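Only one chain is shown below, in structure tokens, and it's the form predicted alone.
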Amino acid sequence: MNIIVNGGTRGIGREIALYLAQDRDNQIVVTGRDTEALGKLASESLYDNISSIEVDLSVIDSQAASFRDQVYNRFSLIDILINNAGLLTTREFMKFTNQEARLIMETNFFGPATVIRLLKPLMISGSHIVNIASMGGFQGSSKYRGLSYYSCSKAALACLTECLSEEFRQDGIIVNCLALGSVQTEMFAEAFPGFRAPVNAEEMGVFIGDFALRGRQFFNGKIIPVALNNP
């Protein structure tokens, strides 16, 4: 399978890529901003089936042509796209600047949406888009101080999932969203210092990888909460 993991230099995204790379028949392209981390990840694949593209979703408009060309030069079709990239800034709503708020929205919503638009022509019937959102953006879930823009950006991505599942239905492209609860990553530790999540990045990476491979048989247009507790 040809797989894109959008945002895979660390944490969950990195573990997704490593898990999927255990199948020698999979070819995985991982995106991220950290050149060194991308190179290290590629070197860890047992079957040399992870490659990378350096891209910054917060300024995807300026990099769109290059990104698109690099993907199209590697793949003639895409079986799975996992939108995992995310930015979390913890700050009370009244203390956010518009620039900070827009950076979160660009990275967590507009960036992934642009990636989908750029790569959709390579997707065929049976292709699966998996958007990674958050319980913070899940309707009716507990909310936390300082996470207003982050939660709203993930809620937007979840809603986009429902919209695109309908728009892409005639093409047979499946679109789902996993709203993750607490996972022990660097980003989570920064947001909730001193709190220990019940799930680690490797465990969640395996779950998401399995869902990307098999969930398209059972779900379409769904926002699925994946959480053991709050936060």
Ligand SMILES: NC(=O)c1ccc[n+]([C@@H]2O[C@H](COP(=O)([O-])OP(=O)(O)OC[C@H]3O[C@@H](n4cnc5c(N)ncnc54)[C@H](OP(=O)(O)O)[C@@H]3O)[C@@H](O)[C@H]2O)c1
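As the structure is a computational prediction, the values presented were derived from the model and not from experiment. One rule holds for the numbers: they count along the sequence shown, beginning at 1.
Absent from the display: the form predicted in complex with the named molecule. The rest refers to it.
For the three marked residues, Met105, Phe110 and Lys222, no heavy atom of any sits within 4.5 Å of the named molecule in the predicted bound form. Contact annotation: the named molecule lies within 4.5 Å of heavy atoms from the stretch 185-193 in the predicted bound form, the single such stretch among 64-72, 185-193, 162-170, 43-51.
Although the partner is absent from this view, Ile82 stays clear of the named molecule in the predicted bound form, with no non-hydrogen atom inside 4.5 angstroms. By the criterion of a heavy atom within 4.5 Å, Glu202 is excluded from the residues contacting the named molecule in the predicted bound form.
In the predicted bound form, the named molecule stays beyond 4.5 Å of every heavy atom belonging to Ala17. Taking non-hydrogen atoms only, Lys154 approaches the named molecule to within 4.5 angstroms in the predicted bound form. Only one of Cys177, Val29, Ile174, Val55 comes within 4.5 Å of the named molecule in the predicted bound form through a heavy atom, and that residue is Val55. Contacts with the named molecule in the predicted bound form, taken as any heavy atom within 4.5 Å, map within 20-36 to Gly32, Arg33, Asp34.
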